[in-house]
Ligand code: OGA
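Okay, so here's just one chain, in structure tokens, the form predicted on its own.
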Amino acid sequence: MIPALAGQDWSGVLDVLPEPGYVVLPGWLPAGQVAELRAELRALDAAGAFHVAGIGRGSAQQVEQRIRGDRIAWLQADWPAAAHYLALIDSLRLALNRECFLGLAEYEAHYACYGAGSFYRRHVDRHADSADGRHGQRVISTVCYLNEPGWPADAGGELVLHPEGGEALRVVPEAGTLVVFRSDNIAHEVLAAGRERLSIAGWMRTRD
């Protein structure tokens, strides 16, 4: 079951936003909930709910596997495990609005499945045309890992954050780890892994 929302302590996130603009929370999501999300992801994949991810937005979106190789399924509120996760992350959105006055209006997220050898080249999450009156702007990005416990040290698949003016940070995709970072100026990439890599990627947006 999902932990009580009222008991969530988000101070570790609030203290580092906006600067240095990122935080890694190992073991944030309990093993039971990770297993529920992973099982839901696999069931949806077996049912054909996933599609190859593209880059860009709207009519400019295209599939370019030399840049990005994951398959995704956008989380829906009527998927039980996803609904629990969305509610939990929404408590962070509310805390950020309350303490940092960010004006975050919504959160969107998708399951992501990277096959062995797949990767995502270095990029930032805020699109150049994001303030278009329809979608608002991506302000905060999140990644939560759903892999089986005990990710091998030599399996690769790290998320690499490239903060402005700072050293690159590698995050091992251990089950239950949550990464929260700014969407506008934290460039990042996903390194190729030697095995399948599962996660939820999401973004908190303003509304124009």
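If you're wondering where the values come from, they're calculated on a predicted model, not measured in any experiment. The numbering used is simple: start at 1 and walk along the sequence shown.
Below: the form predicted together with the named molecule, not depicted.
Not displayed here, the named molecule is kept clear of residue 29 by more than 4.5 Å at the level of heavy atoms in the model of the complex. Among residues of the shown chain, residue 159 is one whose heavy atoms approach the named molecule to within 4.5 Å in the model of the complex.
Proximity of residue 123 to the named molecule in the model of the complex: non-hydrogen atoms within 4.5 Å are present.
When contacts are judged by a 4.5 Å heavy atom cut-off, residue 143 counts as touching the named molecule in the model of the complex.
With respect to the named molecule in the model of the complex, the three residues 93, 182 and 207 uniformly fall beyond 4.5 angstroms at the level of their nearest heavy atom.
Figure note: of the listed segments 143-151, 30-38, 162-170, 44-52, the one touching the named molecule in the model of the complex, with heavy atoms no more than 4.5 Å away, is 143-151.
Residues of 166-191 placing a heavy atom within 4.5 Å of the named molecule in the model of the complex, in sequence order: 188, 190.
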